[in-house]
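For reference, the chain that follows is the form predicted on its own, supplied as structure tokens.
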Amino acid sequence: MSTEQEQLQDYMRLPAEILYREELEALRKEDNGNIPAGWQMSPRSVLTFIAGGKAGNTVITPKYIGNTRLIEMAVATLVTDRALLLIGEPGTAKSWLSENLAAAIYGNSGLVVQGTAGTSEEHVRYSWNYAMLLANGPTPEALVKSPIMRAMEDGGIARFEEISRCASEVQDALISILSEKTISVPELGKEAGARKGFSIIATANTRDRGVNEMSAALKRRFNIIVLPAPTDIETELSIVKKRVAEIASSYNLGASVPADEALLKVVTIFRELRSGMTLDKKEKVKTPAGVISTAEAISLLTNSMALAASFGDGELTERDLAAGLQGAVVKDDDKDKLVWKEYLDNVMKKKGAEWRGLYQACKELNE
């Protein structure tokens, strides 16, 4: 193992362009398609990187499991001068897709503006090194470029996460950038223009509607793609199984990967609580106040594995799963605890002998 590989193992999370470096190199080597200005590979190769396939003898693992047409639309949007807005429920892989698109197209997924209530216009445009500003006045050296400005000047991809969490004046700062493809710096008497290849991939959570609703003017600057929750249990199981295995390997948890039976139980519970209906459509189920997403199921299973490795023999037990389920479902304590209790007594208890161990373990924690 090289020194670089040993150093990379120390990081908790690697950016997509490093994590999948061998796949990206193989795709670029085998790429015979037309490569747009500023891109590192053709649109078809980007699609293969996201959806999975082969590049020569290299297997390309799927990064997004779902409707391939949505990925094609996203990639086609970025070929033009339109920005891309990915919208969906929590846990629909918006950020994950955004990161992997930026890694494949630009080779750098790290130019990110994280939308919060505290995000300011300076985070979108530019700010100043105030020590240098006081000493020498406004100079190019004192200018602190935002990730968006850096992407513009390099012809790359900037990411804007959770854009609807930002105040309206911060969102509106994007309108001129997306329309004119420039950022004016009046203090220096210049404009920063965008090179070919520049675009922005933004994400928005449908649960945040009404927090800071995007204006119609800003929405018109984006092509909007809605990422749905997994439509069937088989797709969700595939997503959960793949991501749990990847995360377990990355963190070296020291526990065995959950058996298919455990995965099926967790995904079944999540789908029933999320939809408000049992899978057989025979009984209604109350839904908890919190988010019951695919991402939450993945987190639950990896946390349960950590429990098994740290305080057990490394084999995932019903008690480990029960502890994870309790934490995932019961968040708004009073209401969620009642919802979870009713689900245990009215649904899980009736599922048969194979569910009895998990039911008992959950029941003990919920008392």
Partner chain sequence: MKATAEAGVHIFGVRHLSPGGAKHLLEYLNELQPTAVLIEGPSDATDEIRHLTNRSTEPPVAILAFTEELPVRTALWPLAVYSPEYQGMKWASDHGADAAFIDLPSSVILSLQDAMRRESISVQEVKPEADEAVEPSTEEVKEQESVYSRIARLAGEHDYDMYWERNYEHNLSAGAYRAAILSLSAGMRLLSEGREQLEQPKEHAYNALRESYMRRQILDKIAEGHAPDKIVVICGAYHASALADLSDALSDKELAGLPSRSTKLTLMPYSYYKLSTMSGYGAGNGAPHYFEMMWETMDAGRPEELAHLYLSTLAGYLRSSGTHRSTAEVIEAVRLAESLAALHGGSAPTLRDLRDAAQTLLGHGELSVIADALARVDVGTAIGQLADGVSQTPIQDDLNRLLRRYKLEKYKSTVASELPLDLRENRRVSSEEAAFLDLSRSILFHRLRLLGISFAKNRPSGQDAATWAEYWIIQWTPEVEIQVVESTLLGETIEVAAAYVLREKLQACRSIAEASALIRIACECGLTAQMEEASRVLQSLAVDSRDVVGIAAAARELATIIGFGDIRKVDTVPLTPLLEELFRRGCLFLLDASGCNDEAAGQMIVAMNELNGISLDYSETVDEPLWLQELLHLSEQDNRNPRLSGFACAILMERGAISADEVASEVSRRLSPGIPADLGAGWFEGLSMRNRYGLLSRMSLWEQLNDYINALEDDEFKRALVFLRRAFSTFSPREKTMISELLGELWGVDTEQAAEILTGELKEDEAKMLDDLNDFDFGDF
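Numbering follows the first chain given and starts at 1. Values in this document were obtained by computation on a predicted structure and should not be read as measured data.
What comes next is about the form predicted together with its partner chain, which does not appear here.
Proximity of residue 72 to its partner chain in the predicted bound form: non-hydrogen atoms within 4.5 Å are present. Proximity of residue 219 to its partner chain in the predicted bound form falls within the 4.5 Å heavy atom cutoff. In the predicted bound form, at least one heavy atom of residue 44 sits within 4.5 Å of a heavy atom of its partner chain.
Although the partner is absent here, residue 145 lies well away from its partner chain in the predicted bound form, with no heavy atom inside 4.5 Å.
With the partner omitted here, the stretch from 316-324, 23-31, 301-309, 62-70 that lies within 4.5 Å of its partner chain by heavy atoms in the predicted bound form is 62-70.
In terms of contact with its partner chain in the predicted bound form, the residue from 76, 291, 188, 277 that brings a heavy atom within 4.5 Å is 76. In summary, among the residues 268, 108, 223, 95, the only one with a non-hydrogen atom within 4.5 Å of its partner chain in the predicted bound form is 223.
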